[in-house]
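Okay, so here's just one chain, in structure tokens, the form predicted on its own.
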């Protein structure tokens, strides 16, 4: 079984009378020689790690060795001023929570990368809480996200060293937007529209980690990736169509990544990493004077 485009998966769904989650389940069973039970057992493990990393970041002392991150998730979660509404505020805090756990070498589920690992857990935990969605359907949402990830990986890149943060938090936001749209009853076509919106909003986003660490600006970009996912899903569910089809948007991310300067792709040599303050932080963290 071969899927090279998102439209390939949609066409398969039409032929077989299935949704994207069911199509991806078929793909996993056929290509990895797994049973249905084995696929779902793996998804349950992933979801458990996602939930646990959110919980850790919101309840435990999380201060990174560099000192750059210091319990930011708790600050956002318990903030008295709400600029986002309670639901999105919590989702934002959850994304930061996972980023902080990751930066402290805790266990996270790369979704699709460690640097973008906060977006999917934040979205799924929030959807379960706000919409009382059963865990079985959340597992199917992970399959929908995996379908998006599969096609993105085939036609672009998750690596910050190749596609910048567009390939990391951008693809994660697209996967999360697809999941939200699916969980709220969107059609396959609407799911693809949400993917297109999320990737367009991330187009050209550079990877410029201060001191070369996955902390600043990575953690807050995860939080903003969550907002991107919810907005993109809302646009799609409202019936708005992306003028550029999702598959073509993915192709465009590959072109943009290839054109991007190597200094802006995970090298720690450009962007925020090369600011005066960024260099001072680097010196402090690594105790150098040059």
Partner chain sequence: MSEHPSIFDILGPIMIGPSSSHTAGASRIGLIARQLLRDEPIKAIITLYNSFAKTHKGHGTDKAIIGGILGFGPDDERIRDSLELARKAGLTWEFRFVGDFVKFHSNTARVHLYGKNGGEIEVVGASLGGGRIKIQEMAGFAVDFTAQIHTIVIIAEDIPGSIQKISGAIAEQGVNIANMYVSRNDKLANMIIEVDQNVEPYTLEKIESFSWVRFVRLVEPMLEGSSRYDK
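Numbering follows the first chain given and starts at 1. Remember, predicted model here, so these are calculated numbers, not experimental data.
Although not depicted, the form predicted in complex with the partner chain is the subject of the following passage.
Proximity to the partner chain in the predicted complex holds for all of 42, 104 and 149, with the criterion being a heavy atom within 4.5 Å. Within this chain, residue 38 lines the site of the partner chain in the predicted complex, having a heavy atom no more than 4.5 Å away. Taking non-hydrogen atoms only, residue 32 approaches the partner chain to within 4.5 angstroms in the predicted complex. Residue contact check for residue 242: none of its heavy atoms lie within 4.5 Å of the partner chain in the predicted complex. Using a 4.5 angstroms threshold between heavy atoms, residue 251 stays clear of the partner chain in the predicted complex. Partner contact region in the predicted complex: 153 to 161, out of 125 to 133, 195 to 203, 153 to 161, 88 to 96, criterion any non-hydrogen atom within 4.5 Å of the partner chain. Only one of the listed residues (49, 237, 264, 231) places a non-hydrogen atom within 4.5 angstroms of the partner chain in the predicted complex, and that residue is 49. Of all the residues from 56 to 92, the single one having a non-hydrogen atom no more than 4.5 Å from the partner chain in the predicted complex is 56.
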